[in-house]
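Take a look at this one chain, the form predicted on its own, written out in structure tokens.
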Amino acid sequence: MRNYIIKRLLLLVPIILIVAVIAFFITNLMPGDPVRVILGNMATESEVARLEQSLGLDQPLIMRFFRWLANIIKGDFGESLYLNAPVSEVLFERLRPTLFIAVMAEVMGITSGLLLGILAAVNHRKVLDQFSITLSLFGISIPSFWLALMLMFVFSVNLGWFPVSGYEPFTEAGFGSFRYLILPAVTLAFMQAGLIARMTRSAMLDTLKQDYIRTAKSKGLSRKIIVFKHALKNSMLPVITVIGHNFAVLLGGTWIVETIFVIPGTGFMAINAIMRRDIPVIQASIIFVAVIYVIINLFVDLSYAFLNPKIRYH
């Protein structure tokens, strides 16, 4: 197991290197001049040239790449062209609301998704099964932006239970800051619950048909023990994969939902950076998402060995 973890961590290096190369050249070759965006269309050629020189954008692309890569290895992502602040500080600051939303959404999605999936499998072809299937399909199919707007309209505009948009840091508002995150988290949890419920139901139905489940029933074990101790644990491998992928997506930035609710998270930051042609922030966002995916996938693979003793990594 230790050797496997070391190998996976070492694989992180070439993966991030490939992502870094792609991120650098895509962001530098995409349409739009960041200097023109900063200075505006009324800037003179001399002003543009001075800013390009101060930012190092007047040098050949390949020289800029190797200088940028050397800084990345040292953990320096440069400075935001628009915010005039180190990119690492900006990313860390914007990560906190995204992390809160991701954890809240994932907890809600896992809890409700597992419950719906188990109820559907145990009550196969009954009313609860049909209800769970319908609700999960609704969660998968409904556009997140539409659900966000409906939740905002009902619970913020009409009932006034939650703020319409915005965010207050935990250091300033305390637990009151979570009032700004509940509706975004519910919006994201709805889709997570639908995916998890569908996967749980499918895996549970296959497991409940196995011989060892029939043996457990013949021994007189209670239904609760059969379902939760034997069937659920052995059905979790595909469910864990979905949960891990969903969590990686959420940590990478819930772009649409953060934009609708004006939550200053990593997704909102990335969208603004693209609109402003803030190249260092865009590059850091791409690398950050790649690292998140690799790490989450590693934890998912390691969880397989815990859930299924037959799986061993060498």
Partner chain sequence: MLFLKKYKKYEHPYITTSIIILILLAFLSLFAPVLTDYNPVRNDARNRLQAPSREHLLGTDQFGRDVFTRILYGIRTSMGVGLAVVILTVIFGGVVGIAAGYYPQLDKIVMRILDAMMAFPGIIIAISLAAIWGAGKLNIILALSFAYFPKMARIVRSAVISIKDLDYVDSARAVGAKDSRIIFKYILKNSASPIMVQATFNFALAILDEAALSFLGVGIMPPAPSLGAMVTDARTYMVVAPWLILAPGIMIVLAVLSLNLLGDGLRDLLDPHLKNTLKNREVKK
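The structure displayed is predicted, hence computed values, not measured ones. Residue numbers count along the first chain shown, from 1.
Not on display, but discussed next: the form predicted in complex with its partner chain.
- Taking the partner from elsewhere, residue 302 is found to have every heavy atom lying beyond 4.5 Å of its partner chain in the model of the complex.
- Although the partner is absent here, residue 133 lies within 4.5 Å of its partner chain in the model of the complex, judged by heavy atoms.
- Proximity of residue 26 to its partner chain in the model of the complex: non-hydrogen atoms within 4.5 Å are present.
- In the model of the complex, residue 141 approaches its partner chain with a heavy atom inside 4.5 Å.
- The putative spot formed by 149, 198 and 275 is fully lined by its partner chain in the model of the complex; each residue has a non-hydrogen atom within 4.5 angstroms of it.
- The candidate stretches are 111-119, 233-241, 141-149, 70-78, and the one lying within 4.5 Å of its partner chain in the model of the complex by heavy atoms is 141-149.
- Taking a 4.5 Å heavy atom cutoff to its partner chain in the model of the complex, the contact residue among 126, 229, 209, 223 is 209.
- Residues of 8-23 lying near its partner chain in the model of the complex, listed in sequence order, are 11, 14, 15, 18, 19, 22, the criterion being any heavy atom within 4.5 Å.
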